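Have a look below at one chain only, the form predicted on its own, in structure tokens format.
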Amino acid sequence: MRTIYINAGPMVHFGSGNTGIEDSLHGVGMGIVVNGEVVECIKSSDELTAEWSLDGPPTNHQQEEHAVFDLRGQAIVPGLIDGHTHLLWAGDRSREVSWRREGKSYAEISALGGGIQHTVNQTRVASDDLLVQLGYQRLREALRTGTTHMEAKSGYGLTTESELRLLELTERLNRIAHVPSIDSTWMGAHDVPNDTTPNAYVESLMSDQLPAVIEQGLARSADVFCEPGWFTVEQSEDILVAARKGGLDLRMHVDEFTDGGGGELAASLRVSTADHAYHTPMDTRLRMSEASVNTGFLPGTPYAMGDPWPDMSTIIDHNIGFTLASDFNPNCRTLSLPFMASLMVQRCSVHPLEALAAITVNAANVSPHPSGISHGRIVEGGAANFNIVDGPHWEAATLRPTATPFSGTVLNGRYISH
């Protein structure tokens, strides 16, 4: 079954992988033919109208088996990719907002019974059905604002049994149709459980949890919270090196609260992405860039937690590649990538095209589509994942912080109306 979209407004395709206007934009009047889950061709609407006899009755049986959408000048952008989420957890930590406003630090809140450990306790006792229901609702919420694919971490179990369970439930969600696909990450090194010591927990990660995760085969990547007070640079390196030997791709949380050396380790290990990185020095950022390490900025975190905004103008001036992601978690409860892009555009002076690239083509580099085909771009032979903007200007995709900017999303070839 083919679906033909004609009379599009401006189409941001990122077909060349570049982010310049000339290299990234088709003008008004293009069309797309979708065959199954793949973009079959991109041509002018006039060509498609003639080829498929869209202005008259079909001429053969094959042409009867297609649907046509006249976009009437609505702009098109690629399907959005959320490269950093904590999707599966239960519980409510809203009370921490008051504690933060009283001046308590992240570590102090954790000592009061909040923080990651509170979510771990609530997640461990939640039923499988509840966690799957929560995950499904969150995936649908993300889809409504244009997300067609997301990375999702475990990390709210912190025992071998519960981490394997979270990865299995994530895979169960990944098998559900008509929701964003999921790139699964093991993050047993998210925090140290209250009933053990850091050294003992790292030993258990290395000797028991990580081997079990590798044997299970559901996680594509490993992530570590490399931060003073959580996992040291040395501990993080041991875990990540072992994960790489086991065939996992590497990701890191670094320098969220202070320059703790995480960026240096990320560059040394050449991990795929080092996220947060608010306090990473510029010389380290440059070493990360030279080592092909993506910097993952998570605008929802400074928005929710009051952390400083990164100096994006300097980062862009140095041509440092970056992504934006939601960091969906109990303290940052939004999955809207248009909101993340809006924060960067309207608070950090990032150009809308750079913000859009950071949640599409750049994000695809650190979170590949499960089929292995291209996504985050609109190209022939690529995944049929794209968003139809509710208006004639593609920039709206980065300037609608409180509602979806899309009238519909094409997800794996299927049109879904918003």
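Quantities reported herein were computed from a predicted structural model and do not represent experimental measurements. Numbers follow the displayed sequence, beginning with 1.
Keep in mind that the form predicted together with a small molecule is not shown, yet the notes after this line are about it.
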Consider L210 of the chain shown here, and say whether it contacts the small molecule in the predicted bound form, taking contact as heavy atoms within 4.5 Å. no
Residue-level contact is defined here as any heavy atom of the residue lying within 4.5 Å of the small molecule in the predicted bound form; does Y106 satisfy this criterion? yes
Even though the small molecule is not shown here, does D255 get within 4.5 Å of it in the predicted bound form, heavy atoms only? no
Though only this chain appears here, would F225 touch the small molecule in the predicted bound form if you measure heavy atom gaps against 4.5 Å? yes
In the predicted bound form, the residue from H190, R165, H279, R285 that sits within 4.5 Å of the small molecule by heavy atoms: H190
Among P310, G261, P330, G321, which has at least one heavy atom within 4.5 Å of the small molecule in the predicted bound form? P330
Site check H84, I116 and Y156: each within 4.5 Å of the small molecule in the predicted bound form by heavy atom: yes
Counting only non-hydrogen atoms, which stretch in 169-177, 322-330, 138-146, 201-209 is within 4.5 Å of the small molecule in the predicted bound form? 322-330
